[in-house]
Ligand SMILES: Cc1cc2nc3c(=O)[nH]c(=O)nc-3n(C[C@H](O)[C@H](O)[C@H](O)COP(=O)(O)OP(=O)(O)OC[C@H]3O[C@@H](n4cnc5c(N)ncnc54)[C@H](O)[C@@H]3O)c2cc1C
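Next up: a single chain in structure tokens, the form predicted on its own.
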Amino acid sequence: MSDADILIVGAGVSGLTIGWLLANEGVSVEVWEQGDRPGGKIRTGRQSGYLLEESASMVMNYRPEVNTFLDTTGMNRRKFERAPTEHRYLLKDGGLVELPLSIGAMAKSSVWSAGDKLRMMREPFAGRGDRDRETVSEFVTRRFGRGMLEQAIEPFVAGPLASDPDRANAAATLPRLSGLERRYGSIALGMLAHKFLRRRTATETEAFSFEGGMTSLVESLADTSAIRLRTGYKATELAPVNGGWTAIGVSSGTQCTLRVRHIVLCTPAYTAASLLSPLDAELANLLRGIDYAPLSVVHMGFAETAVNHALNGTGFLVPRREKLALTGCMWSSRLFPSHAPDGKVLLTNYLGGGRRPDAITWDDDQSVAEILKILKPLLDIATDPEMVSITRHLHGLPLYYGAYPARMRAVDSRLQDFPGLSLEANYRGGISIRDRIVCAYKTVERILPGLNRSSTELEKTRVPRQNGLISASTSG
């Protein structure tokens, strides 16, 4: 039996970030990862000179915690800013229309009818809904009308979030918008208040990747010498003991045991449910009730001369009224020119999600054919792709369906019976890398006081602090 202060099960972004923050506070951290590599679904590959992201393609950030984290880990020096572009498109009636990014542009846009625009103007007078149970569709329709839902919010929810707005909980899926309603009674008035009353320390929104792709972030965190990262370790049993926990795992057929003071499960909900079922059947059932959307990521590379569209934007989203399995297409080489060889174009397409889960069963030929049937006339593409890479995620993204806030409160209530146990993964607090870093700060702030370590003990094992890292989690 070996010992550590903290065991983290799962070496995705959540687990590695929590581990790094704790190690930076002098805490003894061990991380078990069932797979043969850290990072979870985040993986950057290369094929024929193209740089391919199998899941998250960039960080969209507006939180100061993320900036502090990148500064202290040194990853800020490896940030690779997204190329500037002001155009975003929507597929409408078989053609691309530009999505307006300002109120003035919305007034002139052909995306919405005059009736839609008049309905949106009445948003400040809309009543409030049921925060626990209201769906995204109900929330957006109540505040803005069907036009805003169908032509803006639904494509976003179905695309980047792989979700179904008719089932997704509004408060959990759109926390910023629901938060504005809760605080100001109106989203429009709340946005104006934020614009004119913004704190001086507010972080500007930016989008970026890293030199070498998103895997660079994972590798940097995993290489931290203060973290004992063990790949190929599958946790099989957890047991509370006096003053802590015992974890049993298997590696290469050999059983291993670890005694720790705190365990953080950074696994998918269904994996956490299996581990916790012998301890609390109700908690396990709550976790098993969290659905995941299957998703296929299809990269296509073309000669630049074969694509006659200007690709002067980020790409396009697809509303469900178009009745397609494709939820969006990102013009990756426009956003990050280094992701494609000179004279080449990289298009990243997303199939399935909560809208069309059956698309995960399509073979390569059908997946490519369905996408090209849309892209060739839309972007005036003259040839088939010279490079194709397909990644299928059977359990792609967690879906915040139903009365999700109530489900999470119930999970937290059950966890009170298990001091020294935390759950932290992308089914809690948001799916983006930004969200995972912010939640990691909150988790560490919650765990540290419970360790009850004396200042003398901390000094013996402390990793040198870097500019008051942990204190950054209370800002913004």
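This is a predicted model, so every value here is computed, not measured. When you see a residue number, it is the position in the sequence shown, counting from 1.
The protein also exists as the form predicted together with this ligand; that form is not presented, and the subsequent description refers to it.
Student: Consider the chain as shown here, without its partner, and state which of 39, 429, 64, 420 has a heavy atom within 4.5 Å of this ligand in the model of the complex.
Tutor: Checked against the cut-off, the match is 39.
Student: What is the one choice in 333, 209, 163, 267 with a heavy atom within 4.5 Å of this ligand in the model of the complex?
Tutor: After the contact test, the surviving option is 267.
Student: Does the trio 6, 217 and 437 actually contact this ligand in the model of the complex, every residue with a heavy atom within 4.5 Å?
Tutor: No: none of 6, 217 and 437 comes within 4.5 Å of this ligand in the model of the complex.
Student: Residue 413: heavy atom within 4.5 Å of this ligand in the model of the complex?
Tutor: Flag for residue 413 set to no.
Student: With a 4.5 Å heavy atom cut-off, would you call residue 92 a contact of this ligand in the model of the complex?
Tutor: Residue 92: no contact with this ligand in the model of the complex.
Student: Does any part of residue 69 reach within 4.5 Å of this ligand in the model of the complex? Heavy atoms only, please.
Tutor: Contact with this ligand, no.
Student: Verify the contact flag for residue 433: yes if a non-hydrogen atom of it lies within 4.5 Å of a non-hydrogen atom of this ligand in the model of the complex, no if not.
Tutor: Close contact exists here: in the model of the complex, residue 433 approaches this ligand to within 4.5 Å, heavy atoms only.
Student: Which of these stretches, 126-134, 227-235, 106-114, 314-322, has heavy atoms within 4.5 Å of this ligand in the model of the complex?
Tutor: Only one stretch passes the 4.5 Å heavy-atom test: 227-235.
Student: At a 4.5 angstroms cut-off on non-hydrogen atoms, which residues of 10-48 are near this ligand in the model of the complex? List them in order.
Tutor: Read in sequence order, the residues that approach this ligand (within 4.5 Å, in the model of the complex) are 10, 11, 12, 13, 14, 15, 32, 33, 34, 35, 39, 40, 41, 42.
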